[in-house]
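Subsequent text provides structure tokens for two forms of one protein chain, presented individually as structure 1 and structure 2.
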Structure 1
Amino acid sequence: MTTTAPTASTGRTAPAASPPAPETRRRRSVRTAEKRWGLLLAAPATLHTLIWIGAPIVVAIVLSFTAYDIIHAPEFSGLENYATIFTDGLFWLSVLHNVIIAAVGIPISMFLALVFATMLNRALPGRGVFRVMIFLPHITATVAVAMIWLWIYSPSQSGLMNVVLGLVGIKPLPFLTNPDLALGSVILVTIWQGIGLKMLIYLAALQGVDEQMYEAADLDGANFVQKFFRITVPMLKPATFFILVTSLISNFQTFDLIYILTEGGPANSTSVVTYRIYQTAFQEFRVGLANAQSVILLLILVVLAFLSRRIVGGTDDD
């Protein structure tokens, strides 16, 4: 039975709102249950992030305003650590080295990864073996990778690189002990190690591109180059953004490779930000200053991530 309610203007009665239909109530109940399960499933990862990422960031920011040497209790020092950073030439030299490694190594490795992904996306014989070979350096421990390249770059005639150069009449070169060669040698290692993951991401993105787009381009008479730059590259924009941002973050987090290969030398020619932070904290015992350097590094990464999104675009709607 439908109930009525009087209206304010005419005094007449109007039908009252009907109760929600059973189907509507069921849908609302399902949506509520989905939200609850979603929050429940996300809770462990959220808690992990807050404890192991959020809390250390807060502690680092607090300690960045203190004078702390591990032995004595922290003492508030205001902006003194940040003032020291802006006059620390070695810190900014380390930042410059990271920028050079990123500016040279990341574009080259991304280009090679895209080329390999495009080739291995085709039905080629033995493509599974090639995928494993290209991806293997990424899953190999960085310590093992560094030891391999220490042998390759060995300044003696037994080093693989110098053996190859000797075949064309070039004398052995001190790749890791010459300030003019050391940074370029490190960049080569980062390129070799970073191609695998980038290729895998591009390969997954390529397999999601609709083949009908290529078929339509064939009907229009487009060649391989035109299809690559007009279809493939635009469709890979989200993957490119993801690879660029993660590569920048990984580049500025490089430590173990530098520690084993060169220890920042020779003459600080390969020192990077994380290695400089390590020196400040555990060799000079200026932990407050090291935390301030870490905060500056965090700000650099945030700015680079924002610029990457503006330049590349993170979604198909950009």
Structure 2
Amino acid sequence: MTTTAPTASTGRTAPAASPPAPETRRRRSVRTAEKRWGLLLAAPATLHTLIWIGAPIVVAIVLSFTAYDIIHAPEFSGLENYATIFTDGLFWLSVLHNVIIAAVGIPISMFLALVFATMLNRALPGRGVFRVMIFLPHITATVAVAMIWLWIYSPSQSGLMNVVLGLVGIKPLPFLTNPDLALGSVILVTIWQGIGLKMLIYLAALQGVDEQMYEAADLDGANFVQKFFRITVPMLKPATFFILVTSLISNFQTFDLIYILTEGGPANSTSVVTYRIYQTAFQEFRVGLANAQSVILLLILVVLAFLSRRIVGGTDDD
């Protein structure tokens, strides 16, 4: 038997609460157990995020409002560090270099990665070898990559690049020591190193493109270029968005390559944001300012991620 009580709004009677049926109780119990398991499984990642990402971000924000030289305790300095950044030409020059590297390097490497992925998605002889060769630079330590390119760019005639140029009668070029050539030389390395991972992601995405679409296009008489731009490229949009965002972020995190290849020189022509932050903190002992620069970098990355989402037109499913 069930009892009823009047509702406030209508004055009608509503069914009174009754003990849940055994089936409902079981379902709730299962759901609670699932929640517990979910929380337990998510705990390591959550803890990792809180301790190693969340806490440093909070610390960086706090320190960005202080004058701190590592030796002495931090002193609150208000917005002074942020005011300094806006008049620090070298910091903004470093931001500009990151933007140039991104604007030139990312589109080229994405295009090449897509071309390689499309080619190597076909049943070509030796495609496994080619895939490994293109992917290899990505899994090679950046320090090793930089050392190899130091030799390739060596200003003497023993450098590989200058040997090749010498074969066609061009005098040795100072790739990394001429301010007009250095940034371009660095961009070439980032392209070379970045193609592998992008190609891998495109390859995975290409596996998901329905073959029937190509067959239908074939029936309609579409040629290779039409199929590429009308089917392949649109179908790869989520992958393209993912690659673009991750490339932008990793571009603004470039440090080790610059540290070994050029140390930001010559004439600051290859200085990038992370290197400038490192210089500020560990060469100039201005840790508070370096933290403010890091906060600005974080904001730049958030804005870039947002903008690239808008430009590429990512969806909630991306």
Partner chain sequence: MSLTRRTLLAASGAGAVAVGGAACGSGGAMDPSVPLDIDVADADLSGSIALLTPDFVGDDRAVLDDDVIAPFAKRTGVDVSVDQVDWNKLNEKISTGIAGGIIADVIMTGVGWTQPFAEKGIFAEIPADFIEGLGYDESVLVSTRYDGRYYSLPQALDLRFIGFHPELLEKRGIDSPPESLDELAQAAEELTGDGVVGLDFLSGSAGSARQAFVFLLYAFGGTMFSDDGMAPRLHEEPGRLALQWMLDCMDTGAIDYSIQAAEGQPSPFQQKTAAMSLVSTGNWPTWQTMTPDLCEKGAVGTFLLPSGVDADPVMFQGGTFISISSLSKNKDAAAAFMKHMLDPDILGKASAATGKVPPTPDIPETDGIRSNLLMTFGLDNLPYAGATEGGSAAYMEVRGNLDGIVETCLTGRATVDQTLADMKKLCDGAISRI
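Source: prediction; values computed, not measured. Definition used throughout: the rigid core is the maximal C-alpha set that superposes within 1.5 Å between two forms. All residue numbers here refer to structure 1's sequence, counted from 1.
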Inset, instruction - Just flag whichever of structures 1 and 2 is the form predicted alone. - result: 1
Legend entry - C-alpha of residue 48 moved at least 2 Å between structure 1 and structure 2 on rigid core: no
Inset, instruction - Determine, after fitting the two forms on their core, whether residue 249 shows a C-alpha shift of 2 Å or more between structure 1 and structure 2. - result: no
Inset, instruction - Please state the CA displacement of residue 30 between structure 1 and structure 2 in angstrom, with both forms fitted on the core. - result: 4.7
